[in-house]
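Just so you know, structure 1 and structure 2 below are the same protein chain in two forms, each on its own as structure tokens.
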Structure 1
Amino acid sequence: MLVVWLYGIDTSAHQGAIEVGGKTIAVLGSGFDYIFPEENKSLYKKILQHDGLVMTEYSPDTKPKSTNFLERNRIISGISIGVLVIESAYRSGTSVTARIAKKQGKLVFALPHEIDNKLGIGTNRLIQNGAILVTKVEDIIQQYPFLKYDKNKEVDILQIEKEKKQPDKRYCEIFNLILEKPLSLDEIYKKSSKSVGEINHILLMLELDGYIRKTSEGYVCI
């Protein structure tokens, strides 16, 4: 059982769990009548379809409040065997949750970050304070002797990420250019061998497939 819960990246965590055939539990910070944000409805449906669980301690008519989310985190850590913190800014709610988890006697894991990454300040501090530093799945598994771990069945998350992030071969040249830095169409034209028409075609396909996005700074990778 994999339980993921960090607000902000919880969607991707749930998705990831479902994608690799795991089960996942979502804990709401509101009543069932107030699912927030709206897009999460389809996510929760998916979780249920994959033998997961969606739960809440609030009555159906409870509206979402930011304090609710902090509260519900104690439930998340409570039903978990451990907590992995991916990102956490200075003094964020995540740090609070990590502290609660520790109090509850759960193991706290954290991903290290570059020292100037704002979203890494919290996790780096957690590691300083004794959280278990995680760079690979084994780092977590090892901590729980009762977990059976089949190396052969290991799903390389990074590999999945990579595959997911690799668009159609025909679009790679352009995609890789944008991967380096945001570019306008004219800039892409300068750097590539393709005509404006072809580039426009590829940019649209990349955008529709969710690899890039058009912003006021040009085309950027998502």
Structure 2
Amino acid sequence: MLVVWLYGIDTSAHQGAIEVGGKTIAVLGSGFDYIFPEENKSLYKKILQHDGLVMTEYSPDTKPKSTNFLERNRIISGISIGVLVIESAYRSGTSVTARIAKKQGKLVFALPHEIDNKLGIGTNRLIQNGAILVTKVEDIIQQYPFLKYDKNKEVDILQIEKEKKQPDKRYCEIFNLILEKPLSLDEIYKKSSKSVGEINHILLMLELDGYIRKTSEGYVCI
């Protein structure tokens, strides 16, 4: 059973679990009236159709915000037997989840990255601090004797890291603007063709995934 949240590599994990006949659990950072991101509403329905579970601690009318996602991370680690970190910037929600998991007595796994990869700073640090280095599925499976898998179908998950060097292509316009220099929301709006609502959505997604953070100077790349 796989427990992740709905975005990027996690979306792929949900879909992959369903495709092989597995069951998956999604933990929302919002109420059920606000499936987030909206483009994953179809995945939300698919999880339920395949005997999976979508859960939240928030009332139906609760809108998504970054603090909600950080809070619900304790639930993700709490119902998991372990946590695998694929990417993590210096400061990110992912590192918070790993820290909580360790306190809960769960195993923490991490994918190693190049030392100059800003999205690998967190994973490399986790490994330095005792997380289990992972380069293939077997590195995880062997820690849990009760799990079984087909070695003939084993996939080297380093390939996953190669596929996610940049943000989602839908967010690249905004990300590239911030990459040049720190920008305020107003400055981003003036330089972009998108609406304020679209920009706010993209900024939240980029911040949650560890690509950017908000400072007194504006939004900056991590």
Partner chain sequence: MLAITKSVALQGLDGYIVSIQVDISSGIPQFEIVGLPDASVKESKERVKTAIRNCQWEFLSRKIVVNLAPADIRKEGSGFDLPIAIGILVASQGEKNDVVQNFLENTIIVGELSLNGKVEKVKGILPICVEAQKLGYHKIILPKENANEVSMISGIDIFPVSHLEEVMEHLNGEGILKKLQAREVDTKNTGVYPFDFSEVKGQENAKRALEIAAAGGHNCLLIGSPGSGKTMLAKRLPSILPDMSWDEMMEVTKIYSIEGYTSENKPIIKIRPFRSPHHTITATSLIGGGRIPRPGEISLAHYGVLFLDELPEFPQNVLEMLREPLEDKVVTISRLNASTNYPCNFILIASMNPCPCGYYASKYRQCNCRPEQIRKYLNRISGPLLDRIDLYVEVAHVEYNKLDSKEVLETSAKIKKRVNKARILQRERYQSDNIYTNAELTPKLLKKFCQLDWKSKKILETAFQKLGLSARAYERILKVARTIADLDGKESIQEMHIAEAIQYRSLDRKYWREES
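The term rigid core refers to the maximal set of C-alpha atoms that superpose within 1.5 Å between the two forms. Please read all numbers here as calculations on a predicted model, not as lab measurements. Residue positions are counted from 1 along structure 1's sequence.
- In this comparison the chain labelled structure 1 is the form predicted in complex with its partner chain, and the other chain is not.
- After superposition on the rigid core, the Cα of Tyr171 moves by 2 Å or more between structures 1 and 2.
- Leu70 shows a C-alpha shift below 2 Å between structures 1 and 2 [criterion: core-superposed Cα displacement of 2 Å].
- Superposition on the rigid core between structures 1 and 2 places the CA atom of Glu187 2 Å or more away from its counterpart.
- We note a C-alpha movement of 2.7 Å at Gly21 between structures 1 and 2, with the rigid core held in register.
- Shown is the Cα shift of Leu208 between structures 1 and 2 after rigid core superposition, which amounts to 28.4 Å.
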